[in-house]
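Take a look at this single chain in structure tokens; it is the form predicted alone.
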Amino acid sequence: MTTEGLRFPNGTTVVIAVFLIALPCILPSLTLASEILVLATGALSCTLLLGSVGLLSFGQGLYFGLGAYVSAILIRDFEMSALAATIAASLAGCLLAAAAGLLIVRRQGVYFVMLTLAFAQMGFFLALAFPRLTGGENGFGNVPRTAIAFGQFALSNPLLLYVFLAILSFAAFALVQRIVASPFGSVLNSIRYNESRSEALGYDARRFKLAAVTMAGGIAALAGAMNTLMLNFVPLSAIDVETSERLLIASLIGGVGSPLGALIGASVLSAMSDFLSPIWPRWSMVVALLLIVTVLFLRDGLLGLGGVLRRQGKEMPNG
């Protein structure tokens, strides 16, 4: 990530808070607003890895799916509150990411990417192989609308559900901003640009990358738990590789230079899905085209579009 976030809270924090408050007012449905929050929180885990330490992961769907299943099981079978189940799901994501990270961070570049993809595929086939636990192809259903905590504030109210999801999402965004603004975040940034030099200065790059992978896993699992609260159901696709791709695409389109990019990318991707899919079955081609344009011409994603236009304007000859 860029160094614009070296103070916390900052202007980006305010923009994110205002955006989350205004979102249900400017969209036609609370469902779409909630979908954006879930996708944005999941994409934030990719933004943390790629933007802060330069790690490209195709496996965040593994932790997303784990968070979804853990929260659903705790709510349906153990009658836990939404808050307790969400916290437990996030911790489960951290633990799994830490265990997988012990192996993953030993490799760099394409080998790191392939290992994340392999773990994601393994998680998908495990979910498929144990239908009594996960529901298999049919998904994990009959998850009741529970209360937030202590039997209070039932999430059967769509507006209350959105408010709760918005609070969880804002907490995740604030956490990532705080990480970026900390000395720990500065070390991650130095590893991203020159890992060898960071190690020469005495920093153990593997430990720092393992910490980043662990936190990103917890954030992705949080998004999975939020998805369960929204749907009251866990489809098998929650742990599919396609989920990992969707989270990564949202992060890249929005821009990994700031946590705000995850929110922008998720909003664009969810809006395109909601408005284009009913009128054109192959609407994903538009997403592919947008991703190509972003990768080739917008290195900072849609978040950096304003800067690109300003530079182009200055380079144009006068009159």
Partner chain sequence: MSAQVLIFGALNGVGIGMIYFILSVGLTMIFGLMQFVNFAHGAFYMVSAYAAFAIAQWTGSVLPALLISPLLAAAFALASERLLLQRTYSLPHEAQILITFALAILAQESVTMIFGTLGKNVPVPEIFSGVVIFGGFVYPSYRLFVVGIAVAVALAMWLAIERTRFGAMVRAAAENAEMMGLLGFDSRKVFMAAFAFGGALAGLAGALAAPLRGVEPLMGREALAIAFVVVILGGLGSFSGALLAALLIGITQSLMSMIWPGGAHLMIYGVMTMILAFRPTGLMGRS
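If you're wondering where the values come from, they're calculated on a predicted model, not measured in any experiment. Residue numbers count along the first chain shown, from 1.
The following text describes the form predicted in complex with the partner chain, which does not appear among the structures shown.
> I'd like to know whether residue 198 contacts the partner chain in the model of the complex, with contact meaning heavy atoms within 4.5 angstroms.
Answer no; every heavy atom of residue 198 is more than 4.5 Å from the partner chain in the model of the complex.
> Please run the contact check for residue 137 against the partner chain in the model of the complex: heavy atoms, 4.5 angstroms, yes or no?
Outside the cut-off, so no.
> Whether residue 173 contacts the partner chain in the model of the complex should be assessed with a 4.5 Å heavy atom distance threshold; does it?
Because no heavy atom of residue 173 falls inside 4.5 Å of the partner chain in the model of the complex, the answer is no.
> Please check if residue 69 has a heavy atom lying within 4.5 Å of any heavy atom of the partner chain in the model of the complex.
No, residue 69 sits far enough from the partner chain in the model of the complex that none of its heavy atoms falls within 4.5 Å.
> Looking at heavy atoms inside 4.5 Å, which stretch does the partner chain contact in the model of the complex, given the options 258-266, 40-48, 290-298, 22-30?
Answer to the contact question: 290-298.
> Exactly one of 117, 205, 80, 91 has a non-hydrogen atom within 4.5 Å of the partner chain in the model of the complex; which residue is it?
If I apply the 4.5 Å criterion carefully, the residue I get is 117.
> Let me know which residues along 92-114 have a heavy atom within 4.5 Å of the partner chain in the model of the complex, or say none if there are none.
Sequence-ordered list: 103, 106, 107, 110, 111, 113, 114.
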